[in-house]
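Below you will find one chain, with nothing else, as structure tokens; this is the form predicted alone, and questions on how it binds or moves follow later.
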């Protein structure tokens, strides 16, 4: 198995390197957080990340000077290569903002096909701001989610119910004080054969419907006390609030930015955990070719995935190495990734 790979250099060169070295169709998940076409520099000043446009103070982390059509074509060149690297079950997430995101989506529809567009996810990034402006306060950005084909890796993400919703969603209380609700044991659609049409306790599902599972599983649920029988003998499945996985996650996420980022525009690690768990398997390869501080790479490793990171900023590479070292140096006698400089780099301990 190949080691994880950290590439220092222009990501166009890095992506071409991957295609030329056996990675075509091998990557299951790509998340990128590219520049947002702001026209300014992002810096580190006195050890703290800043996002001040055109700042001349501090160490420049990266320059975000491309705008308009130039920026879109900059992205397009890289996304065409990313699509080639994705496996047939691969997924792609691009983090952007409201100023440029709609133009980026039109281009992504061309690259991936509009039929492979899955979501425009709203990400709540901060608390409300109360300074005056002509326009509503901006507390969100967006993530554009595409898949390469109609059959991607997908692990249904669930979200625990908020405490105030539990009483509404689970209105019943059993003798032990546990909140619960009930759902029908049958579902629409009649089946002529198979386990979902067999008798249970001497009864068949209503006309035009079928049991949600086979009769043997229904018998086990009844034995375990997970079926509630109404006064007229109608069975319903019991679902306890404390055993529920929660509801399906929707397309508005609240993952606020770190309060003291190590690197400009550093993103919430829990958000990367969600994306990685949902759209990749254990040992899948995860790519971030704008890897910045390495949050995606660290989340991939924490979740048992392999990773590839690319960045041309020396500061980003140093920050990523430090973040990855937090995970590995105490556990491994040798570095758990290969470092590949595609250009002369001024990085300590690079070899």
Ligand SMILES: C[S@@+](CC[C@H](N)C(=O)[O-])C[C@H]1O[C@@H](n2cnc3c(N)ncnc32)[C@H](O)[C@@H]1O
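Computed from a predicted model, the values in this text were never measured in an experiment. Residue numbers count along the first chain shown, from 1.
What comes next is about the form predicted together with this ligand, which does not appear here.
**Asked** Does this ligand get within 4.5 angstroms of any non-hydrogen atom of residue 308 in the predicted complex?
**Response** No, residue 308 stays farther than 4.5 Å from this ligand in the predicted complex.
**Message:** in the predicted complex, is there a heavy atom of this ligand that lies within 4.5 Å of any heavy atom of residue 96, even though the partner is absent here?
**Reply:** No - in the predicted complex, heavy atoms of residue 96 and this ligand never come within 4.5 Å of each other.
**Prompt:** With the cut-off set at 4.5 Å between non-hydrogen atoms, does residue 266 touch this ligand in the predicted complex?
**Reply:** Heavy-atom contact with this ligand at 4.5 Å: present for residue 266.
**Request:** Answer for residue 313 alone: is it within 4.5 Å of this ligand in the predicted complex, judged on heavy atom distances?
**Result:** Contact with this ligand, yes.
**Asked** If contact means any heavy atom within 4.5 Å, which of 258 to 266, 105 to 113, 82 to 90, 238 to 246 contacts this ligand in the predicted complex?
**Response** Contact criterion met by 258 to 266 only.
**Prompt:** in the predicted complex, which residues of 70 to 105 put a heavy atom within 4.5 Å of this ligand?
**Reply:** Those in contact are 74, 78.
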